[in-house]
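In the form predicted on its own, a lone chain appears below as structure tokens.
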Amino acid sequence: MNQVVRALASEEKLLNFYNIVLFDEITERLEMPKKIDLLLIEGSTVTREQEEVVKKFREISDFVVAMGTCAVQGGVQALRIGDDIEKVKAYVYPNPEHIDVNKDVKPVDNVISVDMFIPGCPVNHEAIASLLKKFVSEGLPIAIPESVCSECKRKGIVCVMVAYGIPCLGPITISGCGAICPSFGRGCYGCFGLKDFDLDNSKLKMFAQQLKDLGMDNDRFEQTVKAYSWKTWSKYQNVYHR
């Protein structure tokens, strides 16, 4: 939510168009509003209580945006999927018996219908500002399907895989971060999530082999993808391992 504050601060005129009815970090908790024009949801749902809360907000909201990698893909919580949830709780918390959490992790659109997604970990404040500006004009930002590689090329950033042999998930990751990691000579680790508009299992396998040849083993590749792209990765993993 810091990026929402940053978006509002970068475009002060936006405050003339929006009345923030509920935002725990900057407003006092008020009663449940009767109607919301634009709802931004951050984070995945991991308890039944959270699922019910999200459903109630969906009922009173005209337009819902899932914002950030956790809300869009499931987030790092998805790393626990496949493990015994009781063992995970005992590993993390000193008193795991007090922790009520679902075994599965659900991106927001697994619980309610979502009108728009803004990926990122963290989400880019410029993307939020763009949404807020266009929403008041009764429009929406145009989604451009491309990978991080496209951002590198536009900025003239040298490809870290080709030039330096550094494993990089840029070719299979959704753009929007501004290619931050490659601009500092590091490989992208996919925090904006897997693109799925031109991806399939054979391409994933071939790319994973390329990363392996550069020193990233399959376990690390799968953990990284699972942490930032659970929703998309879960569609591929069963056939990926055949």
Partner chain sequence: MQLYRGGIEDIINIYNIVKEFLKADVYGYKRYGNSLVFDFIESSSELPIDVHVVQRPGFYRVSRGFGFIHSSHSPKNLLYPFKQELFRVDQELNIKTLENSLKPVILFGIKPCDVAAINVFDKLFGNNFNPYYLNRRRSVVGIVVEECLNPGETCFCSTMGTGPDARNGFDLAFAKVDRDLVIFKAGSSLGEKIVAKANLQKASDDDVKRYEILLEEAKRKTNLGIGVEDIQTSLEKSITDVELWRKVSEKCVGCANCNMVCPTCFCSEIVDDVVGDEAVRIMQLIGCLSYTYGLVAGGHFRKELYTRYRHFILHKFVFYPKQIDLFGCVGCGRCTVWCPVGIDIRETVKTVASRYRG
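Source: prediction; values computed, not measured. Positions refer to the first chain, counted from 1.
One more form of this protein should be noted, the form predicted in complex with the partner chain, which is absent from this view; the next part is about it.
No residue in the set K56, A127 and G215 has a non-hydrogen atom no more than 4.5 Å from the partner chain in the predicted bound form. Contact between G156 and the partner chain in the predicted bound form is found at the 4.5 Å heavy atom cutoff. Though the partner is left out of this view, V105 does not reach within 4.5 Å of the partner chain in the predicted bound form, counting heavy atoms only. Contact check for A163: a non-hydrogen atom falls within 4.5 Å of the partner chain in the predicted bound form. At the 4.5 Å threshold, heavy atoms of K89 stay clear of the partner chain in the predicted bound form, well away from it.
Checked against the partner chain in the predicted bound form, the residues I180, M206, I60, M32 give one hit for a heavy atom within 4.5 Å, which is M206.
Figure note: of the listed segments 113-121, 92-100, 78-86, 145-153, the one touching the partner chain in the predicted bound form, with heavy atoms no more than 4.5 Å away, is 145-153. Although the partner chain is not shown here, in the predicted bound form the stretch 181-200 places heavy atoms of K195, F197, D198, L199 within 4.5 Å of it, in sequence order.
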